[in-house]
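The chain that follows stands alone, in the form predicted alone, written as structure tokens.
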């Protein structure tokens, strides 16, 4: 009979904000590596997992309210080195929190905001196709798939995840791309190269962040979550730049404005804001859209 291994349950939270058209994630440092806000689930203290997550966010980020949703449960064997050393299996429930940058007093609590593209530089295609894809990643993937010609699944996963050989690029497949590169890094000759592909994070927090980015990119298309990350009043240009920052892609401005107008998701405030050019009309989220449509998100085409 196999020896029973004890398990411990914890919380890992991805706290996202947007500042200066850059998507930011809240991190702390452990031995020089960024980590997500984390804490243990306390059965005697936490009536629910969500309350445990809110307690962790309150203690570590000063964040007591706001948007919060459960992401996934992360429990791979040896995801925490303490298990390798004979400790229990560490299982973590991941959460996604959305907030305004100014709502988190991270400096006083030892945290810092970081652009999430420093961890996934191949995911930001707003200016053009990321140079790191064709210079480093695609050649690595070609060698990786060629080394296992008898494994058709490997080549297919790489093709679908990275849009190779005519396959379309799916901006939501962040986790799939990361897992391809992670698997590649465990093969001979891949480890040294992949170390240059974005900044590392503590434990498996980079995988948790990839899960959160993919979830958020998908969700902005059918739920009004983007308005958790923008001020109460905003211009359509500010709304578009926020969506582009999260999606990692440029949007056609006239099409974006048409889709927003057709959706009924925003309404005019009657005020204007001076920008670098002429004054721009400001808008706000229109809550009534939640009762009018089953999927009130921001169309991306």
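All values reported here derive from a predicted model rather than from experimental measurement. Numbering follows the first chain given and starts at 1.
What comes next is about the form predicted together with a further copy of the same chain, which does not appear here.
Out of the listed residues 101, 167, 132, 152, 167 is the one that sits within 4.5 Å of a further copy of the same chain in the predicted bound form by at least one heavy atom.
For the options 256, 28, 41, 234, the one in contact with a further copy of the same chain in the predicted bound form, meaning a heavy atom within 4.5 Å, is 41.
Residues of just one listed stretch (177-185, 205-213, 91-99, 117-125) have heavy atoms within 4.5 Å of a further copy of the same chain in the predicted bound form: 91-99. Residues 73, 159 and 292 are all found to lie within 4.5 Å of a further copy of the same chain in the predicted bound form, as judged by heavy atom distances. In the predicted bound form, a further copy of the same chain sits beyond 4.5 Å of every heavy atom of residue 274.
Using a 4.5 angstroms limit between non-hydrogen atoms, residue 280 is distant from a further copy of the same chain in the predicted bound form. Residue contact check for residue 21: none of its heavy atoms lie within 4.5 Å of a further copy of the same chain in the predicted bound form. Using a 4.5 angstroms limit between non-hydrogen atoms, residue 261 is distant from a further copy of the same chain in the predicted bound form.
Along 44-62, a non-hydrogen atom within 4.5 Å of a further copy of the same chain in the predicted bound form is carried by 44, 45, 46, 47, 48, 49, in order along the sequence.
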